[in-house]
Ligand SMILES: Cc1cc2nc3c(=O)[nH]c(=O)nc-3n(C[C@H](O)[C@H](O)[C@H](O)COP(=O)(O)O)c2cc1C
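Single chain ahead, written as structure tokens, the form predicted on its own.
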């Protein structure tokens, strides 16, 4: 693999400016070992699980750098899962019960994040504390951030990054002391905004005061990496691209849906978490957008409402309701391949695109 170094690569000691978000320990480690920068998504892990997962990544990558992504959203109630469920509106509970009957979904047999954990200030604080005690090189804030969290991370010699979806968030991140801006356009999978990547990135670069900017949202081809560099970004942040890698080991039903999907086969819905999330279209998103459906509840109440159903859908492979957070870059998820092969392909495509630009100006 030919290196493709930008200033942030030199700062972090990586070969290529490809940052990868994944909930998989194996993917995170494989990307770092392939010369990029793996970022482990810890949002679904209890504090004690966060520590264990980060230790596993460190063991796999040695002294190579990697990061972790957590959430610090504002306004979360300090309530247990049982307390949240006791407060759920009757019509919402009835609607979910109707989905269970319609799709013949049995009760979940196992405990998972969605039916055993609850997003609360205590949960997020526990995750943050666990990260700050771990051996990681970067702390990224996927949703929300605080100046205190940034300061604590800096005290542990961690670089800080924040995902932003609007230009106004750039200044807020800088005011909090964040060092790297991840400008995530609305094409992204997972929690996302409405401004496109092509519009958001150059505005973020203008406002960043010289801080490194990474482009995110809908990026799955090297020509988009070249375009991001041309806009002033120092690298890219990819998530969807890793879902169909060998290392991820996603359920076959989800892999099949991802491989069959194009950019028009994603939709933004609040039905899974309560916050806008881009995911693969399915009967799940269709049912929640139907005229008779109640409006999804805010986080974490929607999570408390549908958690057991989500777990059972995956346990029992209820294909019509099966979905996965994914961005419009799913169009480039065309086959199952290794993380290293994906990185090599992206670098080769980037170099071809950069050569095209060079020929135009030469």
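Positions refer to the first chain, counted from 1. Note that the coordinates shown come from a computational prediction; the quantities given were computed from them, not determined experimentally.
FYI, the form predicted together with this ligand isn't displayed, but the following is about it.
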Check your understanding: Thinking of this ligand in the predicted complex, which stretch from 81 to 89, 204 to 212, 183 to 191, 129 to 137 has heavy atoms inside 4.5 Å of it?
Key -> 183 to 191
Exercise for review: Work out which of 142, 274, 165, 222 lies within 4.5 Å of this ligand in the predicted complex, going by heavy atoms.
Suggested key: 142
Point to revise | Interface residue in the predicted complex among 308, 45, 314, 324, criterion: non-hydrogen atom within 4.5 angstroms of this ligand | key: 324
Review point. Is residue 329 one of the residues lying within 4.5 Å of this ligand in the predicted complex, judged by heavy atom distances?
Key: yes
Check your understanding: Can residue 235 be called a contact residue for this ligand in the predicted complex at 4.5 Å between heavy atoms?
Key -> no
Check your understanding: Taking heavy atoms only, is residue 243 within 4.5 angstroms of this ligand in the predicted complex?
Key -> yes
Point to revise | Any non-hydrogen atom of residue 71 within 4.5 angstroms of this ligand in the predicted complex | key: yes
Point to revise | Stretch 14 to 36: residues contacting this ligand in the predicted complex, 4.5 Å heavy atom cut-off | key: 21, 23
